[in-house]
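First comes one chain, alone, set out as structure tokens in the form predicted alone.
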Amino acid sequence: MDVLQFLADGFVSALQWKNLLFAFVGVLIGTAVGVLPGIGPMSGVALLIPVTATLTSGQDPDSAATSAIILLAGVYYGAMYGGSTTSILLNTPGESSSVVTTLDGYQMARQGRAGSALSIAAIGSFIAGIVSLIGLVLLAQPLSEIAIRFGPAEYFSLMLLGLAAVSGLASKSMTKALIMTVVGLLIATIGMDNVSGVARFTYDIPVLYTGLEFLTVAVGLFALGEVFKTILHRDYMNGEVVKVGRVRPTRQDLKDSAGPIARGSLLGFFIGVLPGAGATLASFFSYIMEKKLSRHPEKFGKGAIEGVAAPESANNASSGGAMIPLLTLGIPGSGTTAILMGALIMYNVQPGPLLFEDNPEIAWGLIASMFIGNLMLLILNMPLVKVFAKIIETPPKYLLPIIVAISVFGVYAVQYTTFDLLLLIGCGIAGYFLVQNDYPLAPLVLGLVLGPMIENNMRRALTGSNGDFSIFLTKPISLAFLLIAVLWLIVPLLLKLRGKKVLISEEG
């Protein structure tokens, strides 16, 4: 009964006019971000963090944090919705978790069934969003109550597991992913040491005493890095946009899609809960499962509506599932949730088991807003499909300057230093070269976010054990987390050595 009361309080917060407005703006921008190929949820969320800081200035801290995270989460799951539009109409995934949708979605569009494909993707995404949110409501409180009993040793091992999970599946080369994880952890050490007060890697430069700002690094790597890539590679879209036609699905379409939507929603949710797995893995698995279960597997790849319904449901359910480890354990399971975690910390809100005790209005307000946001997305996407199809045709000469302007003004509005503007440009150049050479960015961001917490918990654990490192192995839960972390790194490596293909995270 407590959970229902908390959820009711969350709806009271989420239904305030300003939070409704933030949710609407978030899902609208998120859909546009998903529709525009190349931007993706990570870049979209990173780009809007400084905008939320400006929009919420003047509010009390808790209210500002609630409004900001509602908007950013709206961008996250809105982008998951929007990614299907370009996959279906243009055979170009808006973001990598929509790659599987192109297989049957574009074939349906070529057969004159683009409207049916888009509407089934929207309906499947809505149902999957609701299923994953019900799972979030049921699991959030019990998980956080278990996690409250964790000591520093357990937290240290849990955070190592989070790093290992994202690094283990984040790119074609695990070595490159681990290098990026270490780079993120090293960047996190710059600044004044909280315990001893010693300046580390600051080289007597005063602006480095507070460390490198997460916001500047994230916006530079993702948003500006993407801009540089588009300009230097002339990576503009040349595909022919298919006409949408009738939007409402037929009764047969709904009948054929019901099972795949239900199965995709459940599978996507459970894969989303696993740190590091992500939406791409969920959409691939659901597509493979539907093909195996189908009486007519030969239809897949030729315009089967099940091939749109299942992966779209799975990739949206996984975004709700990914919020569970973030909110209850303080472990971001993907690059986007790492950026959301960085945003919460920026507002002095610590995700993890104490979030539901110390800041219930933020946690439950966010969960309630996701119910409202999913409904908004369905209402938006069904009638406005043809409008979003037009967004695809936005010329890069207009889009790129807008992204650069938001990045520069946003970072300067929060930081007020020219150093951060130089760091922004430097991170943008670094982001471009890293992506070009297949170095994944998600582990770097995760290392930057989790680094200080890993260090603090390790120190606290060692202080309690008088410097004895065996404390991490003698505590059963800590040992279990460490063993899972090792397996998470070794199993993909063994599979690769045996010549198996390992599916990679959507946010590598």
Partner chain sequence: MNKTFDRYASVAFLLIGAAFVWESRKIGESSYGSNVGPDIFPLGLGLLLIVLALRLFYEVMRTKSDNGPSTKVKLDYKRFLIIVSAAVLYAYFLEDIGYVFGTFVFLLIGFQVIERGKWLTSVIVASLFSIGVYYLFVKVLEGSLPGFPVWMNIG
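Residue numbers count along the first chain shown, from 1. Quantities reported herein were computed from a predicted structural model and do not represent experimental measurements.
Omitted from view is the form predicted together with its partner chain, to which the following refers.
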**Request:** Tell me, out of T210, Q252, N348, N437, which residue has a non-hydrogen atom within 4.5 angstroms of its partner chain in the predicted complex.
**Result:** N437
**Request:** Select from the listed residues R149, H296, K397, K292 the one whose heavy atoms reach within 4.5 Å of its partner chain in the predicted complex.
**Result:** K397
**Prompt:** 330 to 338, 266 to 274, 373 to 381, 189 to 197: which one contacts its partner chain in the predicted complex at 4.5 Å, heavy atom to heavy atom?
**Reply:** 189 to 197
**Asked** If you check in the predicted complex, is F300 within 4.5 Å of its partner chain, heavy atoms only?
**Response** no
**Asked** Quick one: is L28 in contact with its partner chain in the predicted complex, heavy atoms, 4.5 Å cut-off?
**Response** no
**Item:** Exercise: T463 in contact with its partner chain in the predicted complex, heavy atom 4.5 Å
**Value:** yes
**Interface membership of K172, its partner chain in the predicted complex, 4.5 Å heavy atom rule** = yes
**Request:** Between 445 to 462 and its partner chain in the predicted complex, list the residues on our side with a heavy atom within 4.5 Å.
**Result:** G451, I454, E455, M458, R459, L462
